[in-house]
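One chain is shown next in structure tokens, namely the form predicted alone.
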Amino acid sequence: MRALTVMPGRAGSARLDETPDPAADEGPVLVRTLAVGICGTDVEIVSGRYGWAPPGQDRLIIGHESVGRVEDAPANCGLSTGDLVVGIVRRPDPVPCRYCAAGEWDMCANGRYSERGIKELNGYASDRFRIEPAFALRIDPSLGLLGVLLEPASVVAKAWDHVERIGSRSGAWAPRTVLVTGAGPIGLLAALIGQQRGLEVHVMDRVTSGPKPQLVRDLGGTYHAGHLPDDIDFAPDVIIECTGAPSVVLDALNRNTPSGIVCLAGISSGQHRIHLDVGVLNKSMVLENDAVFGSVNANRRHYEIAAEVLAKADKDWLSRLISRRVPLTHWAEAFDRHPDDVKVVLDFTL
């Protein structure tokens, strides 16, 4: 079968290989891949800056944003031939830590987790893959290829889940506005969840044209191009920060309303320094009962929440998040960034 592989740590090593069919010990459920999404993590892996091959192997099959169709499954496993499924990315550590033992492997405390297509487990960018039933989520068949958006949606579903848990510290918490910084796939899906929760949605991104502003407006949201609004009355109850850009993070920390919640869901490159008066920030957060937290990855419960979000969403709007579908034979084109790209996927059906 065909598989997109890399030698982790070596730039320029990515190639389309002919590999053996997935081994039975990888899971009893056999899935034919329909599509795999490409994200920043994949770009880092292909660039040689990230990733770990499976133990005893030199190469890693990449791809962690998946959607496929079940070709074979054991009886009474909860899945059947023909089901549309998404593979969960992370696996708990073998110890396990207290979080992994409770099924919350996204919160792993000792770092010994593994991840399909990223860390010590082959990914989903192959014609077929095998998977354990507990890590395959059946999704609404009407989604079709759009199911490839489920993994990034699970990341912000977790962010929103934690926002709501923190907000419940007060029985009077009733958010009305959300600001999302960054209008990539993660940011737009975060905005979608805010819209489904009935909030007034604002999205800020640096682009001034292209599909992103219209996608926000078609959600009923307000798009802010290039900078956050200066209106002093604009103080969102919730901020989901998806850029990781230090200046944007700092601005977000100073924007929320008293008793507001800021979720940091983007990762900084760490290449830029900014001046930060920690004392002033600390005083403001303490006096205003603010909460700031970081969030990454997701567990099965968050995948299930994300599946509900996508099932309820307008399918035409979701389809516009996928800006390019690239055949596997032309995989390198998926890593060439285009100005109007939102989400690029490798389409195994082309």
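It should be emphasised that the depicted structure is a prediction, and the values quoted were computed from it without experimental measurement. In this text, residue numbers run from 1 along the sequence as written.
The next section is about a form of this same protein that is not shown, the form predicted together with a small molecule.
Q: Which residue among Ile193, Ala245, Ile118, Leu215 has a heavy atom within 4.5 angstroms of the small molecule in the predicted complex?
A: Contact check passes for Ile118.
Q: Which residue among Ile267, Leu250, Ala109, Val207 has a heavy atom within 4.5 angstroms of the small molecule in the predicted complex?
A: Contact residue from the list: Ile267.
Q: Among 150 to 158, 218 to 226, 194 to 202, 133 to 141, mark the stretch whose residues have heavy atoms within 4.5 Å of the small molecule in the predicted complex.
A: It is the stretch 150 to 158.
Q: Does the small molecule come within 4.5 Å of any heavy atom of Ile239 in the predicted complex?
A: Contact with the small molecule, no.
Q: Answer for Arg255 alone: is it within 4.5 Å of the small molecule in the predicted complex, judged on heavy atom distances?
A: Result no; Arg255 lies far from the small molecule in the predicted complex.
Q: Using a 4.5 angstroms cut-off on non-hydrogen atoms, would Arg91 count as touching the small molecule in the predicted complex?
A: Flag for Arg91 set to no.
Q: Please determine whether Thr41 contacts the small molecule in the predicted complex, using a 4.5 Å cut-off between heavy atoms.
A: Yes, Thr41 is a contact residue.
Q: Check, residue by residue, if Arg2, Ser13 and Trp331 all come within 4.5 Å of the small molecule in the predicted complex, counting heavy atoms only.
A: The answer is no: none of the three residues contacts the partner (heavy atom, 4.5 Å cut-off).
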